[in-house]
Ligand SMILES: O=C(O)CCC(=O)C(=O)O
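Encoded as structure tokens, the following chain is the form predicted alone, with no partner shown.
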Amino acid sequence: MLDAMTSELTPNRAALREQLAAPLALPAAAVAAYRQNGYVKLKQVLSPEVIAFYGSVISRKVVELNTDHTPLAERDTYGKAFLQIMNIWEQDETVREFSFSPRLARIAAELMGVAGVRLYHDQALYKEPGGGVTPWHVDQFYWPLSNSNTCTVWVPLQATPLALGPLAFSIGSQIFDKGRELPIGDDSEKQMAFKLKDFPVDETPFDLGEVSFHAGWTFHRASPNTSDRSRAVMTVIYIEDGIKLTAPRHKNHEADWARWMPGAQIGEAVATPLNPVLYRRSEAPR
């Protein structure tokens, strides 16, 4: 059973939407850290009120949309890692407000150094009590895209101590090209634990309102949830506005093309109705 979240009732919904739209002054050091390390953690990006309100709605939709009720003990490693509910924005207008946040999208664009970003997809990742390890992996293994200007924001919907299994990063691994061909699973966990042994690991708690952004080729994982409550997380994946679809090289590429970029053409910029622009830098006045 997922944890009960704070009620969505709030006296000032408009103020919460304004927070999701307001730009955040991004320190130069944060941009430098992201580009050097392949990720960055930023504190106080979202207020407790924003997290409580949107988190309650997201959690309710996760319960509603989840179809996997297999006992943890009977699942494989991937199934034990988390409940995964994708593109919730298509199912709920309130979740859409969160996933389409201009504040978060602008941060992603500035970290990558691009003029604009589109949505690839959103997904809730809920690690249940007793949930297992999330194996080492890179996200961009799954994405048939023409460059590495991709970025995921990982938003915990509660303070996330080590017992809940916060996201951990292999520092600087976005430049490491070994193991990129491995889908997430037992093999990627075993192989990459060895291959990444010379890269330091950042596995630290997340405060409430703290979020992380990581590049598509950055190796990351999460430890098991040893607590008695769920680790609730919402993520949004951003791609550069203008990135192109490449020819699929394996079945995962084909599946992603069909689901997240339906109608996109190989060699052309991704711009389907499922990939709207979430942020575009304004042209300087003339």
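For clarity, every value in this text was computed on a predicted model and none was experimentally measured. Sequential numbering from 1, following the sequence displayed.
This next part talks about the form predicted together with this ligand, which is not shown.
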| property | result |
| --- | --- |
| Candidate spot 150, 241 and 244, all three touching this ligand in the predicted complex (heavy atom, 4.5 Å) | no |
| Among 124-132, 188-196, 174-182, 67-75, the region lying within 4.5 Å of this ligand in the predicted complex by heavy atom distance | 124-132 |
| Among the candidates 222, 42, 62, 46, the residue which, in the predicted complex, approaches this ligand to within 4.5 Å (heavy atoms) | 222 |
| Listed residue (157, 167, 112, 211) with a non-hydrogen atom within 4.5 angstroms of this ligand in the predicted complex | 167 |
| 4.5 Å heavy atom contact, residue 137 and this ligand in the predicted complex | yes |
| Contact flag, residue 235 vs this ligand in the predicted complex, heavy atom cut 4.5 Å | yes |
| Non-hydrogen atom contact residue 206 with this ligand in the predicted complex at 4.5 angstroms | no |
| In the predicted complex, residue 82 touching this ligand (heavy atom, 4.5 Å) | yes |
